[in-house]
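First, one chain by itself in structure tokens, the form predicted alone.
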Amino acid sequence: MMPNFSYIRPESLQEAITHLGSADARLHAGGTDLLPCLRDQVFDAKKVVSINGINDLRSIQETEDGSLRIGALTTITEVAENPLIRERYAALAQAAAEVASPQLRHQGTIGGNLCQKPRCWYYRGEFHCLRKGGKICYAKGGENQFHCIFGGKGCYIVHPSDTAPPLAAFAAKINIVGPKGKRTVEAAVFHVEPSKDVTRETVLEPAEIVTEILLPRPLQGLRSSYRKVRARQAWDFALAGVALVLQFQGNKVTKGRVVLCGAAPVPWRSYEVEKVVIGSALDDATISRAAAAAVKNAKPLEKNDYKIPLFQGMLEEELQKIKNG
């Protein structure tokens, strides 16, 4: 049952920040995650502050230096279909196209996709788990077939966002405003590992709002891709996935980032894969070593060790594809 709450639609960021300073206030953008959380009593809200009337947060613009600015209220569909993103940041366009269903992509925003709550059925259910302030992670000894194989110290969720891994792989930055003013954080450190604070998903402080995402101009020879393996073609979250952003000189990888999804409580950068591929040509032997390196430090739970060969096979296929341009 949906709780009773007041609904505020401010016309400026400053007004929104002021309202978010109230006790039990929640930010509303697309609402595709907020409203289900309220309905399922994951958390409460006495005030819902909608920023949908702040049109400055809706746009995709190229800047003078060739980088790209994406407003936080830009819909997932707009990100997936934008010609400039498809041409320069293919992995991001591919990831956006894999989010949920067409209806949710039309409604959901890229800011909301970055800030969504975990999909763990214990967190979403009637369990006072560790992330809700309890004393136990029920997934550790329970139904954990969809949970993490990396970084699960205390809490074993997997991060649900499709757009977060490619943004981290592209070295994007996120602009934030709040009561203390403006600040910028790297997308790679925007999400909080449970070992640092099990009750938080992001670095956002109370009443702070994501306003835009900044993508650097891609370097010459850059290739990127996003791969998502899931149980169903639509509506499902990743069982395993990867964002690849690799710079080539000839057939050799000179720089790059590899970020896994469906693997950890945060988008998980695989330095192990990067060490194998950077400085090497993507021949069959290198690709095989990279796929093995990706899972060498994995710690699967009782019911999700199937993710080990799944990640290996997926990475081999995706590295072969990106090798061929």
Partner chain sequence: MKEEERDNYYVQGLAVPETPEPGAEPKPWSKTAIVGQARPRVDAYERVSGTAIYPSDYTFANMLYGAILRCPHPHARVKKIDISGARQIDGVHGVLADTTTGGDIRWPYVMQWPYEAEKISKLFDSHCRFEGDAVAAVAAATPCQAMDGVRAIKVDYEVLPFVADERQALKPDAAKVHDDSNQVNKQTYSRGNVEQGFGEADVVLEKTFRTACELHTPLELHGCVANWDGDRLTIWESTQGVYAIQSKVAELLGLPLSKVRVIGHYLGGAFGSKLQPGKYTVIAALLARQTGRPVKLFLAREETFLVVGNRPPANMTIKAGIKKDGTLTALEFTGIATGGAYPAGGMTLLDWLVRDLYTCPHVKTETTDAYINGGPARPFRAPGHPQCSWALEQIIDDLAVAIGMDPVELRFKNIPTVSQGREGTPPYTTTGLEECITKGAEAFGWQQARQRTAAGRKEKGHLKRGVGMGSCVWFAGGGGPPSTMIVKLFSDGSVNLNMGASDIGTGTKTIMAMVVAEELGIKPEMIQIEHGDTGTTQYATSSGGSKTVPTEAPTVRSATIEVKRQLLSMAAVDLAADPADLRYNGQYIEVAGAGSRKIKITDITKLKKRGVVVGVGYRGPNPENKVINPFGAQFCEVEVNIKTGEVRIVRFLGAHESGRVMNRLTFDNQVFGGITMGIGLGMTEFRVLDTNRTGKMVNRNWHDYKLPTALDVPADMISIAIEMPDSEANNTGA
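Because the structure is a prediction, the values reported are computed rather than measured. Residue numbers count along the first chain shown, from 1.
Another form, the form predicted in complex with the partner chain, is not on view; read the next lines as being about it.
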Segment that reaches the partner chain in the model of the complex - one of 150-158, 173-181, 231-239, 203-211, heavy atoms within 4.5 Å: 231-239
Contact with the partner chain in the model of the complex, heavy atom within 4.5 Å, among K255, K140, R86, K117 goes to K140
Name the single residue among M314, A25, L301, A16 that comes within 4.5 Å of the partner chain in the model of the complex, judging by heavy atoms. M314
Closest heavy atom of R131 to the partner chain in the model of the complex, within 4.5 Å or not? no
Indicate whether Y122 is a 4.5 Å heavy atom neighbour of the partner chain in the model of the complex. yes
P309 near the partner chain in the model of the complex, any heavy atom under 4.5 Å? yes
May I ask you to state whether D40 is within 4.5 Å of the partner chain in the model of the complex, using heavy atom distances? yes
